Ligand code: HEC
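Quick setup: one chain, the form predicted alone, written in structure tokens, and binding and motion questions come after.
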Amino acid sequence: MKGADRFRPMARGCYLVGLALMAAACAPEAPDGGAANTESAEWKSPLNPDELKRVLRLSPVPAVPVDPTNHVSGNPEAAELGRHLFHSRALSKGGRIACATCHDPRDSFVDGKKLAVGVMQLERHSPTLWNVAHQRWFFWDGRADSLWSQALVPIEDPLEHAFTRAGVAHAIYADDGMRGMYESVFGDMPPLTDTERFPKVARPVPKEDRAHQLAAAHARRAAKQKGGAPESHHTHLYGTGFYHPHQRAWDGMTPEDQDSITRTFVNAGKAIAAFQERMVSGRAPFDVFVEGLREHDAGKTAALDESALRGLRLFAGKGQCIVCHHGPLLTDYEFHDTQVPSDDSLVWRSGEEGDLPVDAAPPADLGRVHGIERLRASEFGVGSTWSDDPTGPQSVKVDYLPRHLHEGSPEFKTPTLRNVALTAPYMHNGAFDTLEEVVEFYSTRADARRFGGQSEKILQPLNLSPTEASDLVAFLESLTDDSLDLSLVRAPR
């Protein structure tokens, strides 16, 4: 089966046991609430009832949801425009970076680096984009609340694309193919040939934004190494009153023209989001195994070998992995401090004289706390005027975010485990190179980094035997989907 059809669970219900009876008889109920296959009366589940109940909730991956805040969600023409935008380096400073630079379809939508590198070094690892449309918070710290607003953040981030919304509009306008696709979906573009009215480089610049604090720290580090002064573009963040040239150009535009540029920028983000909805994975050996559980099909349950099956039992039982990695995407979509060891030198050590002075380093990365701050300050939230459903149910989720519950320790989003064997290195900071290292960390809790705030009480050493650790890795490897067709997400020819 192809496309969404292959992810639909096989519905089983009542059936006729004989025309002579002139009545329908229902099959006996299976542990998941569906009906069992009575033709396999001799079939024996490889899991006990408690394990079966937990495991059946982990598959199949549901159909991609439609995003009511994005009116082109599910639109194939918008998705095709988004594919071009996702792979275009024209949406970055100097034409150096594309979304696909850090999220390469050929590498399971990651870049293989411990920490992502855009125009500058970032402080976090590039997460995979598999099944990203199912998430409710985006980025490791959840600083975006929709897939389309997530797509906009890296473009204007000074560490990533270091670009501007006006530049995005001009890049689309200058490319005949992308311009034609854009106008077929969204209508006419602004008259961008008038560069006095629509400067090629313009955007609003936030003054107290973590990305700019990080960029300023990079500038101070570079200045220290070169023996000069940091780039002035970032000094306005520290009270000197510097007028950022991007902001200066933006302020020179009329409010109507600013809205026109921002609308084009938002539409680009919505097209990229429509494209990212194609990044679906849900037919791994584990999913075949779960189908076998539902259908009482020993052939399908054989998709997991004995080691992977033992690993599944550990995952859902003794290991308690399922507490945070549950549901078909194997994530709770929430934020936790797993006390992952951190090597700040990857970002902030000069390589010559050791650590930088305190005044040259940015504030500590506290994850979700900073994410909530940026989420509330965002002009592109699901409740904003740029949303296509600003008063819908999704708009409420930001209003009641409990910031105080995340204070005191760095918390980061639970990642999906689908295709996890293909997305090394691991954790928000790329701390571990292999799945074996991840399992070892949770087994021993060696080098766990503890802060003064609250901690996850469930995180106790698992004390796994070598065989158990190997089995758990075997199960994680069974989440790799080998049936994927990447033709719709690769770079356009």
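What you see is a predicted model; the values in this text were computed from it and never measured. Start at 1 and count along the sequence shown; that's the residue number.
Below: the form predicted in complex with the named molecule, not depicted.
Asker: Is T164 close to the named molecule in the predicted bound form, meaning a heavy atom pair under 4.5 Å apart or at it?
Answerer: Outside the cut-off, so no.
Asker: Give a yes/no on whether E277 approaches the named molecule to within 4.5 Å in the predicted bound form, heavy atoms considered.
Answerer: So E277 does not count as contacting the named molecule.
Asker: Using 4.5 Å between non-hydrogen atoms, is W386 touching the named molecule in the predicted bound form?
Answerer: It does not: once the named molecule is placed as it appears in the predicted bound form, W386 has no heavy atom within 4.5 Å of it.
Asker: In the predicted bound form, does D141 have a heavy atom within 4.5 Å of the named molecule?
Answerer: Because a heavy atom of D141 falls inside 4.5 Å of the named molecule in the predicted bound form, the answer is yes.
Asker: Heavy atom within 4.5 Å of the named molecule in the predicted bound form: which of S260, S378, T338, S409?
Answerer: Exactly one residue meets the criterion: T338.
Asker: Exactly one residue in H246, K413, H71, R294 has a non-hydrogen atom within 4.5 Å of the named molecule in the predicted bound form; which is it?
Answerer: Contact residue from the list: K413.
Asker: The chain here is shown without the named molecule. Which stretch in 154-162, 294-302, 388-396, 197-205 comes within 4.5 angstroms of it in the predicted bound form, by heavy atom distance?
Answerer: Careful reading of the contacts points to 154-162.
Asker: Are all three of L58, P62 and L309 close to the named molecule in the predicted bound form, meaning a heavy atom of each within 4.5 Å?
Answerer: Result no, not one residue of the spot touches the named molecule.
Asker: Enumerate the residues of 420-436 that have a non-hydrogen atom within 4.5 Å of the named molecule in the predicted bound form, in sequence order, or give none.
Answerer: Going through 420-436 in order - heavy atoms within 4.5 Å of the named molecule in the predicted bound form - the hits are V420, T423, Y426, M427, H428, L435.
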